[in-house]
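Just one chain is shown here, as structure tokens, and it is the form predicted alone.
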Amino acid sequence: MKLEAVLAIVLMLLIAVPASAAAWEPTKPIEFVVPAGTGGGADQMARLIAGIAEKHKFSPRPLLVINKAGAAGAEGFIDVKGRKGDARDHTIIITLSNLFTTPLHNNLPFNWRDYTPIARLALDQFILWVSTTRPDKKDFKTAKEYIAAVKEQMGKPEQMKMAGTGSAQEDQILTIQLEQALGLKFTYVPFRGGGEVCVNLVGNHVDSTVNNPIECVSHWRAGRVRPLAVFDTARIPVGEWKDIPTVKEALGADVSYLMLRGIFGPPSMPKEVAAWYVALLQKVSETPEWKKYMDDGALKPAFATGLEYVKWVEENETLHKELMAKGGLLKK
């Protein structure tokens, strides 16, 4: 779908919907597709939205979370792209930045213009995490201490391992940015989801990760992992996150990145159907449960719909092309 067509759909959503059209609501369970594994940030957010909608009776039918993580999320995106008619109207997909990275890296037949933009819910942070229970007893208290150890091990059989979600996805892009900025080399180890990534850090199968806050926070509070630096231009301003320095503060490297947490519908979703989902997500975003989740998980509030959402997505597609080209991750 061309950008002009996407903008036309968005403009229709901004026009007042007639009373008869506005009466649309789901008549069967809504499939809420997660193009990532269980336990990660996207999975947690989708399940929270489904739970809030049920608790507050925002939807007459339940939202059923379905994980389709294959091929770095391509399984989920391609499935949703093919939904038509009634199945189209009862399907939404939560998108992280694999909306950009997966087709760019694998040259797959989809991109964001194929889908119906519904809402940007938030922007997610990334943090450099290490284990506090390493078998070698090394307990890295600062990012500088860890990076010094990384440099010592470069090129050796025991070269430091950085874990992340997927290959050529957000986590590997950040790892490459850190390598290029500081002259490092990690062995990058991909997993299917952020929850699995943090579990492998806790189990000391890898040396560090660049997880989202929500994916490692429970292990942090249990004392099993430690956050060393946040990949943003400023510190996270809420709760216990305030004490974590930025990568620039900790290491002098100007490396930052924020990830999309947004919702799309299948292609050609009718305007009254998309408007119903916009209203649902707006109501979810105003609940105390959602606001607590945002603070607990250090997510940046960034609710947007319509042209604002489309413009942001278009700009970030360009940004990801640049970052992936710099990291050698674009499909040849």
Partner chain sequence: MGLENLFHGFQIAVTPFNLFITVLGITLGTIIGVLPGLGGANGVAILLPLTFTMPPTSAIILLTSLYWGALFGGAITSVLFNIPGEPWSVATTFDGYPLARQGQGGQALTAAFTSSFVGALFSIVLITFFAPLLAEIALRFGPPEFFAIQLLTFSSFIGLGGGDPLKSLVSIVLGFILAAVGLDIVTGQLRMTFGFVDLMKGFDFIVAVIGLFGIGEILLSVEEGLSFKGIRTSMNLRVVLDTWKVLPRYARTFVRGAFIGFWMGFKPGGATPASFMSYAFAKRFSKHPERFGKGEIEGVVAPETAAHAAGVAAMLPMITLGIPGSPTAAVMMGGLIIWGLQPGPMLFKDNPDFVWGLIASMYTGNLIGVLMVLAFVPFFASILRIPFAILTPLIVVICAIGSYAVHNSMIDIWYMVIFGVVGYVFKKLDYPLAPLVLALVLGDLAENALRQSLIMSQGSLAIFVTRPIAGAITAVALLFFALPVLTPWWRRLRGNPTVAHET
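Residue numbers count along the first chain shown, from 1. From a predicted model like this one, the values you see are computed outputs, not experimental measurements.
Heads up, the form predicted in complex with the partner chain isn't pictured, but that's what we're talking about next.
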Within 4.5 Å of the partner chain in the model of the complex, heavy atom basis, the matching stretch of 256-264, 138-146, 184-192, 123-131 is 184-192
Give a yes or no for V238: in the model of the complex, does one of its heavy atoms lie within 4.5 Å of a heavy atom belonging to the partner chain?
no
Is the gap between S285 and the partner chain in the model of the complex 4.5 Å or less for some heavy atom pair?
no
Considering non-hydrogen atoms and a 4.5 Å limit, does the partner chain approach T233 in the model of the complex?
no
Indicate whether L307 is a 4.5 Å heavy atom neighbour of the partner chain in the model of the complex.
no
Of K81, R224, K248, R113, which residue is found within 4.5 angstroms of the partner chain in the model of the complex when only non-hydrogen atoms are counted?
R224
Would you kindly say which of V217, L228, L104, L174 lies with a heavy atom within 4.5 Å of the partner chain in the model of the complex?
V217
Would all three of A23, R88 and K311 be in contact with the partner chain in the model of the complex, where contact means some heavy atom lies within 4.5 Å?
no
Within 111-131, the residues having any heavy atom within 4.5 Å of the partner chain in the model of the complex are none
